[in-house]
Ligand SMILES: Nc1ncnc2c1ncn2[C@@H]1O[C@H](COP(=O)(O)OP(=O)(O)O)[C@@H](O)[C@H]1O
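Here we start with a single chain on its own, the form predicted alone, put down as structure tokens.
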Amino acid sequence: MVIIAVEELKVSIGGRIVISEATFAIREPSLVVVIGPNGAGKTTLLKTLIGLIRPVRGCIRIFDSIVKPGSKYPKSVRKLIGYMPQRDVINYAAPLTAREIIVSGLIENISVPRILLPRDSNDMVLQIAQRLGIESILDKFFDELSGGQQQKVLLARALIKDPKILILDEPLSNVDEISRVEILELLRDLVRRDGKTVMLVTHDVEIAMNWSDYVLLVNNGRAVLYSSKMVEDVDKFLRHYPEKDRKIIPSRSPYCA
């Protein structure tokens, strides 16, 4: 079974080629950690997978749906994916509560002045909040919450529609160690127990090594998938990382899915 497959993908932003060649496949529910230097194209790749950016070349397959350059991204595919962007690109200047942010993940049809939500939306919010341990902060304003609480709220928003695939852009940034472990344990449980596939971006190589099933290395315009048991040639991808992080990587042969 193919969950996500990318073939000869090329992505350009403002005339600049960000991803020149990406080919990989995820065939089973997995926790996939995306790593690479700043500016390597990690966020661009994620946005392309969810249809926010259209590729120049290549194709993307999500389960049985295939997206090619110039084709419209199917709504049926969007429903399968929960997306959590980087927190620092989100403007929450409006006084929104945690509950309101989570329930906004359910909004599909908007007609002025009415927003249509499922009748059981309150129950859905409470259920996912309990799983993340944030039910006590649902009525607090977002800007009153700690970094870890904010990330859990945004994760709950991505989870509220029960997607088959979660794509998370730096969900562990500005999070304390306790919250970080809690989030990682939840994500691993979503893979093992719920059969979801999770792709998350992080700069922490140790997380990639200790928590992932696969590591997607993005650098120099390429994206290559390895098993987390890792790799002989990882240094060519991670040469911009501090030496202390490189030492975490064992020297083993890669397995390209």
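Residue positions are given as counts along the sequence shown, with the first one as 1. These numbers were taken from a predicted model, which means no experiment stands behind them.
There is also a form predicted together with this ligand; it is not shown, and the following applies to it.
Novice: Is there a heavy atom of G195 lying 4.5 Å or less from a heavy atom of this ligand in the predicted complex?
Specialist: Because no heavy atom of G195 falls inside 4.5 Å of this ligand in the predicted complex, the answer is no.
Novice: Classify P55 as contacting or not contacting this ligand in the predicted complex by the rule of any non-hydrogen atom within 4.5 angstroms, answering yes or no.
Specialist: Because no heavy atom of P55 falls inside 4.5 Å of this ligand in the predicted complex, the answer is no.
Novice: Using heavy atoms and a 4.5 Å limit, would one call L31 a contact residue for this ligand in the predicted complex?
Specialist: No, no contact at 4.5 Å.
Novice: Could you confirm whether V18 comes within 4.5 Å of this ligand in the predicted complex, counting heavy atoms only?
Specialist: So V18 counts as contacting this ligand.
Novice: Determine which one of 62 to 70, 42 to 50, 187 to 195, 207 to 215 lies within 4.5 Å of this ligand in the predicted complex, judging by heavy atom distances; exactly one does.
Specialist: Partner-contacting stretch among the options: 42 to 50.
Novice: What residues of 1 to 38, in sequence order, lie within 4.5 Å of this ligand in the predicted complex by heavy atom?
Specialist: In sequence order, I13, R16, V18, P37, N38 come within 4.5 Å of the partner.
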